[in-house]
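Quick heads-up: it's one chain on its own, the form predicted on its own, in C-alpha cells.
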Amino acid sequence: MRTIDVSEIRDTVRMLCIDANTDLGEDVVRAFGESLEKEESPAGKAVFEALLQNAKIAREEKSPMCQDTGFTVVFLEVGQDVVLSGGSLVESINEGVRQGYRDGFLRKSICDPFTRANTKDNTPAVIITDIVEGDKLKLTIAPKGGGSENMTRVTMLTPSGGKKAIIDFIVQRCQEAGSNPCPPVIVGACIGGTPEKAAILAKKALLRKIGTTNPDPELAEMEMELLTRINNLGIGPQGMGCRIFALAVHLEKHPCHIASLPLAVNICCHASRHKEVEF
C-alpha cells in the first residue's frame, strides 16, 4: 500500500491547468510544421504559420494559447493499492482548478445550465476515474473548449450498418462541423460500449499523441481511411477551403450489446491541450 496526500494532487492540478493552457504538446506543434509543408494553399499555409507562432508566444510568455481556456476535464488512473489521505480527492482537484485558473489568469467559463450564472472559478471539474492495478496514480488534465465540444455527437447505429455506417457518420459529422471546431482538428471516436462509455472513450482518444499508430490493425486502417476522406472534404484549416482539416483521427472500440452499435464522435480544436503527471 502507498499513501498519497491529496494536497500533492491539489498542487499538481494547479500546475497542470496552467501548463496545459500555455504549453502545447510537441506532437501537436510538430503536426503544425508537417501540415505547413503539405498544405498547398497560401491561405492554408498562413494559418499554420500563425498557429506555430501562437504556440511559441504562448510557451515563452506563459500566456493562454486560446482565449477559451476550456472546461477542465480530469482523467484519473488510481492504483488499487493507493491510499489517499488528508481530505477529499474531488475537493482537492477542484481546489487545484480554482488556484490554477486564478494564478494563471485563465478565463473562467463554467456556468449554471439554466441561469447561466458563472461559477467564477472554472469549477467543478469533470473527473473521469479508472481503478487500475498497482500503487501509482496518473493524473491527466485536458481543458476542452466550448466551440469544439459543441460538435460532439453520440448516435446509436444499427449493427447491420457495419464499418461503412461508422465511417460515413464520422465523415458527415466533420462536414457538418465545418469551421465551428476551429480546425485543424483532431477527431476522436469510439465504436461500441454504451452511449456514455463511448462518449468517454471518444474524448479519451484525443489524448493519444498525433502521429502514433493504433495498435489494432483494423482500427489503424479505418483511421487512415477516415483521415483521407475528412481532408478531402475541402474544408481546410480555419474553414479556408484548403487541404488539411484534420491532423489525426483516433479511434477506440469497446464490446457492445448484440442489439446495439453505439458511436461517439468528439472533435478537438487545434489547441489540443493535455498534460499528465504520474505519482
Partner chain sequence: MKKVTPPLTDDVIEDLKAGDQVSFTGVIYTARDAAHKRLVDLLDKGEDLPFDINGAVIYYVGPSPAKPGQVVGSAGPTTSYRMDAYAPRLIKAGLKGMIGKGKRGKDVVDAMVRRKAVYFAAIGGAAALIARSIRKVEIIAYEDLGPEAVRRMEVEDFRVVVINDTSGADLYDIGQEKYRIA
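As the structure is a prediction and not an experimental result, all values here were calculated from the model. Residue numbers count along the first chain shown, from 1.
There is also a form predicted in complex with the partner chain; it is not shown, and the following applies to it.
For the candidate spot formed by 62, 175 and 241, every residue has a non-hydrogen atom within 4.5 angstroms of the partner chain in the predicted complex. Contact check for residue 40: a non-hydrogen atom falls within 4.5 Å of the partner chain in the predicted complex. The closest non-hydrogen atom of residue 166 lies beyond 4.5 Å of the partner chain in the predicted complex. Looking at residue 129, you'd find every heavy atom of it more than 4.5 angstroms from the partner chain in the predicted complex. Although the partner is absent here, residue 33 lies well away from the partner chain in the predicted complex, with no heavy atom inside 4.5 Å. The contact residue chosen from 51, 246, 210, 222 relative to the partner chain in the predicted complex is 51, the criterion being a non-hydrogen atom within 4.5 angstroms.
Here is the short version: of 180, 99, 123, 194, the single residue with a heavy atom within 4.5 Å of the partner chain in the predicted complex is 180. Of the candidate stretches 199-207, 87-95, 149-157, 71-79, only 149-157 contains residues with a heavy atom within 4.5 Å of the partner chain in the predicted complex.
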